[in-house]
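Consider the single chain below, provided in structure tokens and representing the form predicted alone.
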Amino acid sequence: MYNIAVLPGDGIGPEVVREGLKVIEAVSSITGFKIHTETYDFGGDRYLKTGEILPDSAIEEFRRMDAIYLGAVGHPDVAPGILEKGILLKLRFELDQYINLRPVKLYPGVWTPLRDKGPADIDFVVVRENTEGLYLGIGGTVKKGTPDEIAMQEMVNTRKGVERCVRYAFDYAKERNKDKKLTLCDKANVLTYAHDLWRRTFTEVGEEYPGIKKDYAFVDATCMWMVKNPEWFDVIVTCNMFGDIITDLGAMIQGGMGIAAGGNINPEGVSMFEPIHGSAPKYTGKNVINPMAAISAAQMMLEHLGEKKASHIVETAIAKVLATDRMRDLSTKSGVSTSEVGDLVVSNL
């Protein structure tokens, strides 16, 4: 029995989460595990009604859960940053979800904007540090609103934070057992203090993993190679900001936001899984959004919980559905409704 905290969130979040839970319930009857869900209404609507974003009492409840399943955060009537910082970042920091795990995988039948590239070429994972860097929000402004305004925001990297991220990436590359190659994505030629720490840590920890090939790529070069030669990558490890950027590029080359899912991982605690698309408020309640990203997030959650067989069954079903003629693309123009996509995956389990 797994206790799952469900945060449907804003916009299309409740619709895609509904389909993800539908798939989990169906596969659980096949493999024999059970789930108990607790649903929380944190998001834009609650904030507008009560002024409350995410109370500390909820964080304590989440600590007792086996995982968190999130839909989407973002409301058109709430200023940007309030919900993102108050929910997403607060969860990551308070629950110490120090790894952001982003598979970049092109399934057969899914269109990619990269000419002459296919599923054999686009299959890698980005391990992003998730609780340090620029996202700590350390900084401030001086003379705000004047021509002499100064804005500062500091990038914070600790040896502990960098090392545990790098070590997780080496372990992941080893367990993934594909090319057994780990690439450090940094900007050590410019960020000479922060990324010197990353390079030294990468080299030192790497000595403990003689079976893993080590590679280095500056972040600008990483972006170029992800487009030109994505097959060069197996696992990429990088800092918070660069990870945020290259994973969106990764989403595009794997077919778009409609398939991209991620996990916010605390290997020793509670982890959270989510589609990486936004709340898309203009499509709310129309049953047109493709929920594959949310279903993929559910599949990642099952794997993290140790339900390897169930995770494999769900991923196989996703691949089968995407390879059929029913799914022309992953956009709202696919011709398949949100609920129909969930039903298709269930029927292919």
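In this text, all values refer to a predicted model and were calculated from it rather than measured experimentally. Note that residue numbering follows the sequence shown and begins at 1.
Just so it is clear, the following notes concern the form predicted in complex with a small molecule, a form of the same protein that is not shown.
Using a 4.5 Å heavy atom cutoff, Leu88, Arg92 and Arg128 all lie near the small molecule in the model of the complex. In the model of the complex, at least one heavy atom of Tyr135 sits within 4.5 Å of the small molecule. Interface residue remark: Asp244 is counted as part of the site for the small molecule in the model of the complex, having a heavy atom within 4.5 Å. The closest heavy atom approach of Arg102 to the small molecule in the model of the complex falls within 4.5 Å. For the chain shown alone, Glu204 is not a contact residue for the small molecule in the model of the complex, no non-hydrogen atom being within 4.5 angstroms. Note that among 158-166, 227-235, 182-190, 80-88, the stretch whose heavy atoms approach the small molecule to within 4.5 Å in the model of the complex is 80-88.
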